[in-house]
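Okay, so here's just one chain, in structure tokens, the form predicted on its own.
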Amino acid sequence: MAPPQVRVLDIRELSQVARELKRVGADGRSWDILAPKAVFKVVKVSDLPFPAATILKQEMLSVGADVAVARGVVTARARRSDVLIMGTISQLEQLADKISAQPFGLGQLSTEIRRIIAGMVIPQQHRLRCRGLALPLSQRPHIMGVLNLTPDSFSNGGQFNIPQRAIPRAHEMVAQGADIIDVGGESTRPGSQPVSLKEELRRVLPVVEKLCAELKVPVSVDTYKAEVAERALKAGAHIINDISALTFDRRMAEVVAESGAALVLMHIKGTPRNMQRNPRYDDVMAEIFHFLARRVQKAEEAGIARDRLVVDPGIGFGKRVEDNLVILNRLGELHALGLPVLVGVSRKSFIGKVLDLPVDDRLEGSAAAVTLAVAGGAHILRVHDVGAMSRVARMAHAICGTLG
């Protein structure tokens, strides 16, 4: 008698479980019950009071799972603790039921756990509304082509800083596969100096007006100045890409809310001028996640609907090389925000430092980073080399979409 054939399955999503249940021949009526028992998740909750952490520990043990707490909680010496809730989706669902009426803020935690579970069980269908257009971001990764109108950008600086060169370049990128054109009139590379409002408007407006009249794809404007955004939106722009996530200009939220445009909220530590002066993080993904969650809330309070919002972890903006690598490795954590994710890795300095290469020789490094971003679930990829990166993204998506 031959020995049994044994292997471990790499299960990350419920859809994969369903495929395996079908192959085994399990009764289809049992799939909804069995699938959540096959996907294991770790949920981190920060700074819980001692009683709440203790209750969580007890309740998860009661369903056959566990919670990790600070040692001082076990000895009753710690007043507060971060916790790691470890269990299957089914066990997390049971926990949410058990703590829904509990004190010490556990009722609110129950709601948050249910929200996270819903995002895992029901695939989120992101359709980005940007004025009269809608982008089906869940179908495939979308390519945002970079159009720098500046003489001093870290990449392509000065090549397209006049309309006679910028407009043909935009058409070329669309022909190569760009789904969005992102127009920028001020360099935000590390150490860059801000330009005047007048100069940014002079660079941006003629190009935006022309592109909005000629292109069928949305035009995005990369600015943190409310007046530049307002004038660009009047010229027809569809998206505002704000590196400050509404923090540099308080009027930006009002301008975008009234326009119906989409908004990209990016994480940045500091300003472009000083952001690379010794940035430090205890947990880079935790800081990015909670910053973006707060900015999303501010945007919604200003009247910008969730189907008009995109989040960006801000690779290269106040990040060390190792921080950028961690972001790409843990990008999937941002999906708990329930919004599409934009990633900009193209030609950036962390690639140059890892590979010891200048800006113009980072194509392969950019391709590797784009591939990892697609694997992490990025919905929009902001790139310079549109033709090559469009092909990379399509190939990566084809692989990642084949889970069975």
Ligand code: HH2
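Counting begins at 1, following the sequence as shown. What you see is a predicted model, and the numbers here were worked out from it, not measured in a lab.
Same protein, other form: the form predicted in complex with ligand HH2, not shown, and the subject of what follows.
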- Evaluate H379 for contact with ligand HH2 in the predicted complex, applying a 4.5 angstroms cut-off between non-hydrogen atoms, and reply yes or no. no
Q. Does V341 reach ligand HH2 in the predicted complex if we count a contact as any heavy atom within 4.5 Å?
A. no
Next item on the list: Indicate whether ligand HH2 has at least one heavy atom within 4.5 Å of a heavy atom of F317 in the predicted complex.
Entry: yes
### Message
If we define contact as a non-hydrogen atom of the residue within 4.5 angstroms of the partner, is E200 a contact of ligand HH2 in the predicted complex?
### Response
no
Counting only non-hydrogen atoms, the one stretch of 318 to 326, 141 to 149, 100 to 108, 224 to 232 within 4.5 angstroms of ligand HH2 in the predicted complex is 141 to 149
None of R131, R189, R169, K269 but one has a heavy atom within 4.5 Å of ligand HH2 in the predicted complex; the exception is R189
Picking from V264, A299, V256, V219, the single residue whose non-hydrogen atoms come within 4.5 angstroms of ligand HH2 in the predicted complex is V264
Restricting to 239 to 261, the residues within 4.5 Å of ligand HH2 in the predicted complex through any heavy atom are N241, I243
